[in-house]
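Just the one chain here, the form predicted on its own, laid out as structure tokens.
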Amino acid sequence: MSGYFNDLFSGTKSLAVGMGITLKYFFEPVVTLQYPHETLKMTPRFRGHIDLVKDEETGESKCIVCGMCQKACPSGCITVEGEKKEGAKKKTLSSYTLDFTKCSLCGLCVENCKPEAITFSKDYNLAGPSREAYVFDLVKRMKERCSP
């Protein structure tokens, strides 16, 4: 019979401890965000997919089509193409494609870019219906992002 009362006492004690913890957190502020209406503030060190950096003087990309980002990428997710226009001394960027489904966000492409033409974006909640939605044309994205 004493085992019965022991179990009853220890059960009541554990219930009181649990209810005390629940009561403590009941009066603290809510930390849950209401997602579609509220979003998290990204930290400055957040690394999303890469984006091209716009040259303020020319209005074009800073990319000089050296291909160092493409060579440094261990995933092989970057494709850079350029063309030499008539009368120009250097190549100009015609296509910069990123296959984000393969990207491991290692940052080697950003480190190896000497003219600092690429940087990490702050996009964190990407959603798409298919894999093709994650193959980005970064030249097109830069023009859309920078146009008024």
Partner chain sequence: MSHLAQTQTQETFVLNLGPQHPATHGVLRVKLVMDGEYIVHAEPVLGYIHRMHEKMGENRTWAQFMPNTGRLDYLSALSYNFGYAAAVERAAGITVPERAEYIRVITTELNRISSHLLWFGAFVLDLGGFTPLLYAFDDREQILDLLESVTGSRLTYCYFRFGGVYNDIDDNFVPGSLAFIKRLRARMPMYHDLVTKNIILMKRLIGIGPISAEMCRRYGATGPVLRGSGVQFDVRKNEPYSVYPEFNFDIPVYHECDSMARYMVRMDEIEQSMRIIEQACNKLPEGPIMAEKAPKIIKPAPGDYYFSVEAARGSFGVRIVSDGTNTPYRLKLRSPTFSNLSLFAEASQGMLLADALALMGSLDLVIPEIDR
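Numbering follows the first chain given and starts at 1. Keep in mind the model is a prediction, meaning the values are calculated, not measured.
Not pictured, yet referred to below: the form predicted together with its partner chain.
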Region of this chain that lies against its partner chain in the predicted bound form, out of 78-86, 58-66, 91-99, 111-119 [heavy atom, 4.5 Å]: 111-119
Is there a heavy atom of M42 no more than 4.5 Å from a heavy atom of its partner chain in the predicted bound form? yes
In the predicted bound form, does V53 come within 4.5 Å of its partner chain, counting heavy atoms only? no
Can you check whether P129 is within 4.5 Å of its partner chain in the predicted bound form, heavy atom basis? no
At 4.5 Å between heavy atoms, is D7 in contact with its partner chain in the predicted bound form? yes
Heavy atoms within 4.5 Å of its partner chain in the predicted bound form is the criterion; list the residues of 89-110 that meet it. S104, C106, G107, L108, V110
